[in-house]
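Okay, here we've got a single chain as structure tokens, the form predicted on its own, with questions on binding and movement later.
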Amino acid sequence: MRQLIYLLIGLILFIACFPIEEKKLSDKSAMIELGHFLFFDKDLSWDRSKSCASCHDPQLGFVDGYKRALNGNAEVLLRNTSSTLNMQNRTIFGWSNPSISSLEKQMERPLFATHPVEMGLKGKEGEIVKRIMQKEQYASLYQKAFSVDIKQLEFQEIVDCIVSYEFKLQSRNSKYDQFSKSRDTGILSVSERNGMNLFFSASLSCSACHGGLDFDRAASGDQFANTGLYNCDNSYPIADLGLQSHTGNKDDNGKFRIPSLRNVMITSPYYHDGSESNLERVIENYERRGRNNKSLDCFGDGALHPSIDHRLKSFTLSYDERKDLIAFLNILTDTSYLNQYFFNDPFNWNSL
């Protein structure tokens, strides 16, 4: 017994001579830059076919341009891809699931979903960590960020770094932002000013739902809305019931998160399912307070849906007024980030 005690004491003293490196975040900017590389790295998907940027392409306003997103096998996913620009004030990160209230939670679906597969990482986290550890681009950044060798990398840190990077993807330098800062109406054309007045008018009430810094915050009421896109026998299509799928409440049928209007001119197609390809059609739907569907799989007038949002108002626009409103929406476009390294692929930046 005495020999065993001496052996344990010796082992403790030996370990004390070689303390484990303690992780601590020493450089937030290095962590963000690490996330920058990871965001554009296809090694983050199991089959090396997709990166985060595959669906959130800077050239397309950080969306993918498809009606609904595609996985690596070209299978169509359920929803239209949302932009990752200007998300730091968002409180809901999914189209219809109120429990996805953080970006970390939102990332679980693309990373780990199995039906259908997206990045395909479920059960393969250890292999992904090994891939990242072996890439020379990451060693110094990880050391700088966490003050330890990259051999101590954990999968959750990969997620944390990407989240840190995405929250820094802020670009608010549109023509409208320039006007808001200067209040110089000379910046805007007559058509843009007319469209702005229409957007904020009581008769159209667009800003009742599309308010706030990023035009995605309702002035009052829910952050989810049924905008009358469908009425398949008093319901949205059974494959996508919206908020009702998560609450079980029929009154939530067809409700989806109110999206941002920033860069709306370059992030088509529109709605949660990408079912409209141009803004003229979207505005017409709002004019009549719902869309009249005549397809065989869902025949019905969305304006008559029993759960349509009470904040919607029907209105009539002339041809010129509709053009003015679109002119205003166009000045919410900001592509100044396209010339900045931070928003683009760091692996291929020199080729831009």
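Numbering starts at 1 and runs along the sequence shown. Because the structure is predicted, anything quoted here is derived from the model rather than measured.
What comes next is about the form predicted together with a small molecule, which does not appear here.
**Student:** Name the stretch, out of 142 to 150, 128 to 136, 72 to 80, 179 to 187, where some heavy atom lies within 4.5 Å of the small molecule in the predicted complex.
**Tutor:** It is 72 to 80 that comes within 4.5 Å of the partner.
**Student:** For the three residues Gln59, Ser235 and Asp334, which mark the spot I'm curious about, does each lie within 4.5 Å of the small molecule in the predicted complex through at least one heavy atom?
**Tutor:** None of them does, since no heavy atom lies within 4.5 Å of the partner.
**Student:** Quick check on Thr84: any heavy atom within 4.5 Å of the small molecule in the predicted complex?
**Tutor:** Yes, Thr84 lies within 4.5 Å of the small molecule in the predicted complex.
**Student:** Can Asn293 be called a contact residue for the small molecule in the predicted complex at 4.5 Å between heavy atoms?
**Tutor:** Asn293 lies outside the contact set for the small molecule.
**Student:** Indicate whether Arg311 is a 4.5 Å heavy atom neighbour of the small molecule in the predicted complex.
**Tutor:** Arg311: contacts the small molecule in the predicted complex.
**Student:** Examine Ser307 and determine whether its closest non-hydrogen atom to the small molecule in the predicted complex is within 4.5 angstroms.
**Tutor:** Result no; Ser307 lies far from the small molecule in the predicted complex.
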